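First, one chain by itself: the form predicted on its own, in structure tokens.
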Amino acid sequence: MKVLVIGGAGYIGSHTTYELIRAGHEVVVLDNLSTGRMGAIHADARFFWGDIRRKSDITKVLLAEEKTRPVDVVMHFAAKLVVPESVLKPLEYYENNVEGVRTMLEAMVDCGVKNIVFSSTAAVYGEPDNPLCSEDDPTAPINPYGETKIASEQLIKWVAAAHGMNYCILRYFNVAGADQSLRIGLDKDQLTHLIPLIMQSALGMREKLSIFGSDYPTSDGTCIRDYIHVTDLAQAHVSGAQHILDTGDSLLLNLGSGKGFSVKEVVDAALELFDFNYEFAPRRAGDPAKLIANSNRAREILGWEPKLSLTDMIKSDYAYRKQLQQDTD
């Protein structure tokens, strides 16, 4: 299949591009490089600079590719995704995350592209009564980021119904780790993800790790999350795209390990491998106490199983971050 990866220079988009190419698929990347890196784009992918909020940028790529072979699937990884930032900047999040999706869908409709894989989030569940979230559970986001994602999901469903499109919406949880090649990983100026922050502390790149909140209603007072390796996640996107192409059936799936780890448990697992300091800090706005994925539907429909462990995530992120540190020394 030929895939347009919007946001393919970012963390999850670049890993998915790698897995698509490893599986023998043709990949075109569109990215405005606001948070992504040119160096993260696979050498075998064609790159176009463009902004998801500009329909002409997307249409130009789809029409250019049509001359050789039309794009089969569009994958979306172009969202703003920092929960505390979304609380402070809701207007920016709605413009990029919702208006960007609307513009992308309009371009797809105009160019006759019928398949979309959308990167969504467990944040749509908010503070669920049952922390083991299933796809049919109520959605009640507690931050603007989650609200923009559920709005985008609903828009995709309405447009799909109106224009005969197929969708694969993937809601996932905390993503970590780096590609086995160590060519790509999470490389941002302002990191907010727990495992990379731990690794920066272990490498002496920050004085200590801050654990936000110690008074949540959990066994040790810290938030509980479901962690998934970015490679497992990327492979699920490939499988999801192939499924909707082969069957014409739309999908809404959770992706996660089904296991919850508290922040303190992740810290303790890392301390078994590396030395670093940490401290407790006040809660961050918009953080629910507990979110874990029920991924049974993805297992049943796609035959997908996460293969890599929490330790794999920690070790691969450390190796990638250590390499980055050496490259800049």
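We call the rigid core the largest set of C-alpha positions that still match within 1.5 Å between the two forms. Source: prediction; values computed, not measured. Position 1 is the first residue in the sequence shown; the rest follow in order.
Another form exists, predicted together with uridine-5'-diphosphate (UDP); not displayed. Remarks below refer to it.
Of the heavy atoms in residue 284, some are within 4.5 Å of uridine-5'-diphosphate (UDP) in the model of the complex. At least one heavy atom of residue 210 is located within 4.5 Å of uridine-5'-diphosphate (UDP) in the model of the complex. Although the partner is absent here, residue 263 sits close enough that one of its heavy atoms falls within 4.5 Å of uridine-5'-diphosphate (UDP) in the model of the complex. For residue 235, no non-hydrogen atom is located within 4.5 Å of uridine-5'-diphosphate (UDP) in the model of the complex, even though that partner is not displayed. Partner proximity in the model of the complex, defined as non-hydrogen atoms within 4.5 angstroms of uridine-5'-diphosphate (UDP), places exactly one of 126 to 134, 239 to 247, 108 to 116, 225 to 233 at the interface: 225 to 233. For the residues 197, 150, 98, 184, the 4.5 Å heavy atom test against uridine-5'-diphosphate (UDP) in the model of the complex is passed only by 197. With the partner omitted here, the residue from 154, 214, 180, 192 that has a non-hydrogen atom within 4.5 angstroms of uridine-5'-diphosphate (UDP) in the model of the complex is 192. When the rigid core is held fixed, the Cα atom of residue 212 travels 2 angstroms or more between the shown form and the other one.
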